[in-house]
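Shown here is one chain on its own, the form predicted alone, set out as structure tokens.
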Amino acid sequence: MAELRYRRLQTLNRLPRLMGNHYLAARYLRYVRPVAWITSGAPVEIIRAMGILPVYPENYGALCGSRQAAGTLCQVAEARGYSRELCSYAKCNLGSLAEPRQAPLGGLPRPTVLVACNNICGTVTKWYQALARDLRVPLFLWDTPFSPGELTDGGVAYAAAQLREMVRFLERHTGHKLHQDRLNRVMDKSREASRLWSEIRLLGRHRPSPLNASDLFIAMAPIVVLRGTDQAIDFYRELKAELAGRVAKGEGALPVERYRLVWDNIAIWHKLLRFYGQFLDHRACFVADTYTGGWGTVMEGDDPLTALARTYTGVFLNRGLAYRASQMVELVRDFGAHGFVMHANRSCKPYTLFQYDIRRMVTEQTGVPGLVIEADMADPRSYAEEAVKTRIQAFMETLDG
């Protein structure tokens, strides 16, 4: 009953209809408009501006996890030769293609084109190559240079040149043209939604925090799937107003906030409320996280393709160890956290790889302890209930001490 131990946000009640309409539109409008399956780090603004319907298989994997369907779909994919070690989002997608009757919403509508990029992980490149082979649809791979430190002008120019090639690819395979005025309008909407999302996340600085990490994970769907639309802007304006009302009244997400924590990595979708409920027992609130901020960067620059290249090349997962550790340190200090929890995510190796080094660096620089929890973002088979419970209990006792 974890959901009763904190104040639920009323604006979140809009999400099922909002997201349902998105998937419904993709399913029925595909007969009159091309559909692009894209990865979450791809510049969706270009696709929207061209009148192409964007669909995110990664978001669908999170949906499968939250609806308790991921375990079954992963096993379907594994029975067809895919490794147990493969990303569970990928296996949910591949499993849904093989057994759509076992998949939420009957799976995703068939794509016209595929657009992938390697700024968040390398798995998506092979995943989308497998999709291109099995579905016999064209694939564009956007190669973004890794940025261990600050972005370079050469790296941004390299990425922008590929975006121009991406436009030609989409025009060739969909028959839709990119018009500059429409791209500018979509980017303006994307900037506004990103600005609102960033401001919403920063409200966690208040004491008590008006939101918990589970609120952010649920509320992030529009900034990923509906970025560049009026629907995303309207949703985040309403959400921000509700949170501002809590701040004005001195209300927190928890009735009593004793500890403030920072979360690292993707949510454990299949245990979302139950997992975070264990921290509610200790009156601990997750006031910030490293994951949802990936879509809060506001694009800057006059040239749209250069602005897109700079924004999407600079995402958190495309940066080096020192940068990622500094971001965690900043969150701990800025949000006044007493500790942090890191999800050692079996599926997302790029996110998880440096976590023990980052934990050491953050603790050395801030003096606050960190906990590492081993699980998986979607597949429940990698979640050991009692072991997780024991580690959380021990961690919270160190804070109590």
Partner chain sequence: MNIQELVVNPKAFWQHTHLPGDGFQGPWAQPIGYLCPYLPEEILHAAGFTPVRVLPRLVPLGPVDRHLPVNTCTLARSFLGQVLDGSLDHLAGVVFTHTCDTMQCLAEIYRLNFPHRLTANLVGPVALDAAGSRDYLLGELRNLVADLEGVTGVAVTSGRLVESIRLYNINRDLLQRLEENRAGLAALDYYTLLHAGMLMPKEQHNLLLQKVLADLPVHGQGAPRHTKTGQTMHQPRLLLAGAVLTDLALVALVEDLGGQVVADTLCSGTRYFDSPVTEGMEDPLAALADRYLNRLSCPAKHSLQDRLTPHLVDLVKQRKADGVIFLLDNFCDPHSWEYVPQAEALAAAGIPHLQLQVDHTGVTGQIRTRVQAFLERLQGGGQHG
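All figures in this text were calculated on a predicted structure; none of them were measured in a lab. Positions refer to the first chain, counted from 1.
Unshown form predicted in complex with the partner chain; subsequent notes refer to it.
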I need to confirm a contact call. Of Gln129, Gln102, Gln75, Gln278, which residue comes within 4.5 Å of the partner chain in the model of the complex, counting heavy atoms only? Gln129
Can you pick out, from Glu300, Asp230, Glu85, Asp181, the residue that has a heavy atom within 4.5 Å of the partner chain in the model of the complex? Glu85
Look at the stretches 345-353, 61-69, 46-54, 27-35 and give the one with heavy atoms within 4.5 Å of the partner chain in the model of the complex. 345-353
Pro145, heavy atom within 4.5 angstroms of the partner chain in the model of the complex: yes
Using a 4.5 Å heavy atom cut-off, state whether Leu141 contacts the partner chain in the model of the complex. yes
4.5 Å heavy atom contact, Arg110 and the partner chain in the model of the complex: no
Mark Gly155 yes when one of its heavy atoms lies within 4.5 Å of a heavy atom of the partner chain in the model of the complex, and no otherwise. yes
Suppose contact means a heavy atom within 4.5 Å; in the model of the complex, does that hold for all of Arg80, Asn118 and Arg360 with the partner chain? yes
Heavy atom within 4.5 Å of the partner chain in the model of the complex - qualifying residues of 301-323: Leu317, Gly320, Leu321, Ala322
